[in-house]
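We begin with a single chain expressed as structure tokens, specifically the form predicted alone.
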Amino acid sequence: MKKKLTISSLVLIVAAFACQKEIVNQVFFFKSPSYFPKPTYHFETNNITDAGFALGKKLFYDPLLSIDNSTSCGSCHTSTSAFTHNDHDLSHGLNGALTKRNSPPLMNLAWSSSFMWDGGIADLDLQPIAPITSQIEMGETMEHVVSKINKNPNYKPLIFKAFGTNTITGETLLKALSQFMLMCTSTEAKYDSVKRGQAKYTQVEQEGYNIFLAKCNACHNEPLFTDNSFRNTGLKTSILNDSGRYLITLDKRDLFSFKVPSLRNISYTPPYMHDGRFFSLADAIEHYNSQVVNMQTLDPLLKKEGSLGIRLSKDEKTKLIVFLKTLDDRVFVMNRKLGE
């Protein structure tokens, strides 16, 4: 009888372990909410696996990707800030050098067809090349990064599990990074619970939502809260004189146009705008209310009926902020599987 109990216990333990293993394997299965649009990323060329995710995560947080082994992707994209930084306006690179722009958050990238503030990169698999090879940010070459990783014995088992070979290439390195970044999905804010019928807005949140739909949704389309377009929002030109998307297209109609950022996790991602000029959400909203600068390429939505900007009363601004905070996803920013 004792032997039977022992065997039964072993069976239960094995079954429990198998169940736990199944859950672990499912953690990194990419899921698109039913109310989201179809992802634009080409998953058929880069299927996400546990091993690929693990390799991508290690690479993302490894300063080995920089010339002096001091700076990782995670240096400017911290998980608790929705994968941006929030302690200074412009990104810092090698030896504290300043870039021209604020680090954009990395979330819900599977639904994006262009990357960077100016949209200069059209494929997520190619995006990491820009910071890795930037002389200000990480100062490396792809060839040297690949060489360093292949010489590091800690990577060999991870590479083999992910790609069935002991050596990494530039292509597989970039695909692994994409697998990690693709899993940085934010879909657990209160807004999402409301969309799924699991929660309801308070009266003030609902009023703020109505204000958002009337005055903000044209550019910040729900549920991603961006339309991925490029627009001149009437910011006063700074000493950096960043001409935005024009640097990519050389089309004067794109002067001072930047990608519309998502409003998801807005509380976790200050400072705001491409150059981080606004450190509070109230200041960013006030820009649209009273500080829009008229210029030839200003977005038409910001100069309707002879009036610049988006007029908001004090009460409307307060209620709008209350709604925007329903886009904060604490589950995402505190996810240990994504954090360093």
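Start at 1 and count along the sequence shown; that's the residue number. All of these numbers come straight from a predicted model, not from anything done at the bench.
One more form of this protein, predicted in complex with a small molecule, exists but is not displayed; see below.
J.: Only one of T172, T185, Q127, N86 gets a heavy atom within 4.5 Å of the small molecule in the predicted bound form. Which one?
T.: Residue within 4.5 Å of the partner: Q127.
J.: Just one of Y209, Y155, F115, W111 has a heavy atom within 4.5 angstroms of the small molecule in the predicted bound form, so which one?
T.: So the residue touching the small molecule in the predicted bound form, by this definition, is F115.
J.: For a quick test of understanding: in the predicted bound form, does each of H42, L224 and V333 have a heavy atom within 4.5 Å of the small molecule?
T.: Result no, not one residue of the spot touches the small molecule.
J.: I'd like to know if L324 sits close to the small molecule in the predicted bound form, meaning any non-hydrogen atom pair within 4.5 angstroms.
T.: Taking the distances in the predicted bound form, the answer for L324 is yes, it comes within 4.5 Å of the small molecule.
J.: Is there any non-hydrogen atom of D254 lying within 4.5 Å of the small molecule in the predicted bound form?
T.: Answer no; every heavy atom of D254 is more than 4.5 Å from the small molecule in the predicted bound form.
J.: Counting only non-hydrogen atoms and a 4.5 angstroms cut-off, does L301 reach the small molecule in the predicted bound form?
T.: Yes.
J.: Quick one: is E137 in contact with the small molecule in the predicted bound form, heavy atoms, 4.5 Å cut-off?
T.: Within the cut-off, so yes.
J.: Among 200-208, 99-107, 187-195, 163-171, mark the stretch whose residues have heavy atoms within 4.5 Å of the small molecule in the predicted bound form.
T.: Partner-contacting stretch among the options: 99-107.
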